[in-house]
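Before any questions on binding or motion, here is one chain by itself as structure tokens, the form predicted alone.
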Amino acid sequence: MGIMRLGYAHVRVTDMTEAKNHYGSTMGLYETLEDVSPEGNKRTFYKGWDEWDHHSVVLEEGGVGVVKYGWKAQHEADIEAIENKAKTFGLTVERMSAGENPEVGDGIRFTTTSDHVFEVYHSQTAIGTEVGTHNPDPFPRHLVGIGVPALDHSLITCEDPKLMEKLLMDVFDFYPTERIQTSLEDDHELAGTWLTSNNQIHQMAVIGGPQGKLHHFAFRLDDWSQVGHAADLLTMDDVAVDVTPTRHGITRGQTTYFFDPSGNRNEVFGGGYLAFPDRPTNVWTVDQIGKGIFYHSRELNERFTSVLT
């Protein structure tokens, strides 16, 4: 299979105490480790309640934006296969040793054409969940805050989405589920692309913009009711909300966007349809981008396209 899922998002925050209150108390992630990076920055590692591996979110004090993404491969042999594809694509690939990231095994690391750092690994210490696998209950009884179960996907920006789409297709064997194009003609330009390697509607989305920037990273919820409940809790905790609950035309997902105390945009995302590689790619033209992003209002707010970290 190659890449199974987005394994971790490692982001910078300006104040670790404020960030821990947001990701721990409001989002309800489980803290699994606190340490200091080799550069001397405070770090905190988190997992969602339905994730088995040691962490899916890493916060590092010292700024804003994304440090790197970790991608988990299904088989150890997939790492070498992906390494060869990345080299063929023209990327410079370095080997990553077990322990460079706490609880993460050997792997590879490269910088994408979008100027984002990607790491690919196969093993991460599994610490399990409270519900386990033996006659499991549907969720832990004492969730905190929103109680997000898992990391879902991320959206990044770069100057050449078409080239980044090709990288994700050639190196990771991703396929696009949705695109935004300047027209339906063969000579169109690609304004945005949503890609996955499995039935998840998207694992990584890319839109045109500055190199190396984070638009948001998202956590998975089940449905409308959970998205609405999350929005209520965000207001109770005085979190800065970017977009109140609505639906995407692109992916059909239900969503709310908000900011962590450092200004990194988060999303809780529910629903959407099942993706399959033989399903034709949905195409949106730029004149319908408002409806594609926010189906009900059919309008983008200025903040949504301009605030990046």
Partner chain sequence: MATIIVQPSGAEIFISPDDTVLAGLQKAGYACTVGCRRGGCGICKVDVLEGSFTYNRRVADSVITATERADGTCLSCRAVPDEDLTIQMRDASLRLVNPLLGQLNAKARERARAASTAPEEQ
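Quick caveat, the model's predicted, so the values are computed rather than measured. Positions refer to the first chain, counted from 1.
Beyond the structure shown, there is the form predicted in complex with the partner chain, which is absent from this document and is the topic of what follows.
Residue-level contacts in the predicted complex: of Asp78, Glu159, Asp115, Glu100, one residue has a heavy atom within 4.5 Å of the partner chain, and it is Glu159. Partner proximity in the predicted complex, defined as non-hydrogen atoms within 4.5 angstroms of the partner chain, places exactly one of 202-210, 164-172, 126-134, 148-156 at the interface: 202-210.
The closest heavy atom approach of Asp260 to the partner chain in the predicted complex falls within 4.5 Å. Under a 4.5 angstroms non-hydrogen atom cutoff, the partner chain in the predicted complex lacks Leu274 among its neighbouring residues. Under a 4.5 angstroms non-hydrogen atom cutoff, the partner chain in the predicted complex has Val239 among its neighbouring residues. When contacts are judged by a 4.5 Å heavy atom cut-off, Glu61 counts as touching the partner chain in the predicted complex. Heavy atoms closer than or equal to 4.5 Å to the partner chain in the predicted complex belong, across 177-206, to the residues Thr182, Glu189, Ala191, ordered by sequence position.
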